[in-house]
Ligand SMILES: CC(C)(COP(=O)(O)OP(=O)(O)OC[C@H]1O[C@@H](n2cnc3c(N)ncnc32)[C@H](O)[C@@H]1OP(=O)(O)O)[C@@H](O)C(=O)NCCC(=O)NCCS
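Just the one chain here, the form predicted on its own, laid out as structure tokens.
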């Protein structure tokens, strides 16, 4: 039903960057971007994982596969075939969790059984556990039903691409009358926190290692 109500996809541009809707062929590169920004401070986390797909299976794959209308990629005009960033979201995290439990996580849990995580790095053990726990429902963010994840390659940060991605998503959420959106960010990622605050996000909850930040929509 939502596809009938969806506005015609538009390409947004800033300098030599633009956004477009996600395509299934983008997934391998989006997984790499997720990994290259996986450290707590937003820097490259490649060294933390033996399995380069593990983090993407949790933060990118389910959104791009189950709710692709709320996923956009950033591309440089001189390399339009290679995404350089992404934003992905769900409009209703509770409904999204149910869909993931039905279709996304069961095969991953067979692929990544928990006993096999015992000899893994701390980061890999964490994501084995997350795959078995599934998408969390954070009571502190109950008034902000949409959830988003965003990442850009380091070489394209601070060039307006993050704002382009956020504008594309927020426009789509507004078109669907979503009341509010939230995200989680590590306390060490001070650059990302400042970016979100500049876009009107505020701190909804504080935890030892992370903040939940939210924004109401028109």
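Residue numbers count along the first chain shown, from 1. These numbers were taken from a predicted model, which means no experiment stands behind them.
The same protein has a further form, the form predicted in complex with the ligand, not shown here; the description that follows concerns it.
Although the partner is absent here, residue 158 is a contact residue: one of its heavy atoms lies within 4.5 angstroms of the ligand in the predicted complex.
A residue is said to contact a partner when one of its heavy atoms sits within 4.5 Å of a partner heavy atom; residue 196 meets this definition for the ligand in the predicted complex.
At the 4.5 Å threshold, heavy atoms of residue 42 reach the ligand in the predicted complex. Residue contact with the ligand in the predicted complex: residue 27 places no heavy atom within 4.5 Å of it. Relative to the ligand in the predicted complex, residues 16, 73 and 83 are all farther than 4.5 Å at every heavy atom. Here the chain stands by itself, but in the predicted complex one stretch of 184-192, 62-70, 49-57, 168-176, 184-192, has heavy atoms within 4.5 Å of the ligand. Contacts of stretch 128-142 with the ligand in the predicted complex, defined by any heavy atom lying within 4.5 Å, are made by none of its residues.
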